[in-house]
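There is one chain below, alone, in structure tokens, taken in the form predicted alone.
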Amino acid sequence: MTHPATEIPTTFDLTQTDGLLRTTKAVSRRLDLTRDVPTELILDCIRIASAAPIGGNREANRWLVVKDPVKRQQLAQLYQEVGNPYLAALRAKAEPGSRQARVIEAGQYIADHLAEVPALVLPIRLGVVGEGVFNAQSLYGSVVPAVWSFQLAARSRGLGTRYTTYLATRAREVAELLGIPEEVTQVALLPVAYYTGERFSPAPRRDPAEITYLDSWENPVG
């Protein structure tokens, strides 16, 4: 269903928009694994995501929502086969109690509980890298902005998400499981659930002056 265009203000309350942008982050332990996510709510997020910039204004992004428990379990098994060895290797190098160790454990939590997440969303792009004019930058550049918009829309609706890519190495098995054709690219897998709690704190990040260069790589701003 196409929704008519509406007039949107050209200015926004920066407290609200900056707060949304700074607190939309990977959610793991705070996903509510007991509460169903209505498909209509996911469609609302996709509707917002579809307004993201697209190369050539070609609407070639697709979304596959997996709610079936058996298929979620099968996806989780593939995910764990890739993720568990990788996380174990990282854990062996991380300092116990460090921020990196906490990040690894959050990733492990998702691997352990992926089958319980009420909705798994796969953003998909028609076409594959190397086909026609598609290089990696152009293909992913037309879908990743939509994925981020989906995550922002989900956050504003009380949903938590996490951008995961472990299943990229198992794309063939995922395609067979979900009936995905060969001539498309599976971009990511997003666990989607209501989040628990009422507040998110902004993620700690370096000062922009420390990571920004002006006119040349040899000229850092900071």
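Because the structure is predicted, anything quoted here is derived from the model rather than measured. Start at 1 with the first residue shown and count on from there.
Just so you know, the form predicted in complex with a small molecule exists too; it's not on screen, but the next bit is about it.
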Among T39, T165, T196, S50, just one has a heavy atom within 4.5 Å of the small molecule in the predicted bound form, namely T165
Quick one: of L14, L214, A203, A209, which gets a non-hydrogen atom within 4.5 angstroms of the small molecule in the predicted bound form? A203
Going by heavy atoms within 4.5 Å, which of 122 to 130, 68 to 76, 99 to 107, 135 to 143 lines up against the small molecule in the predicted bound form? 99 to 107
Partner proximity in the predicted bound form: A26 to the small molecule, non-hydrogen atom cutoff 4.5 Å: yes
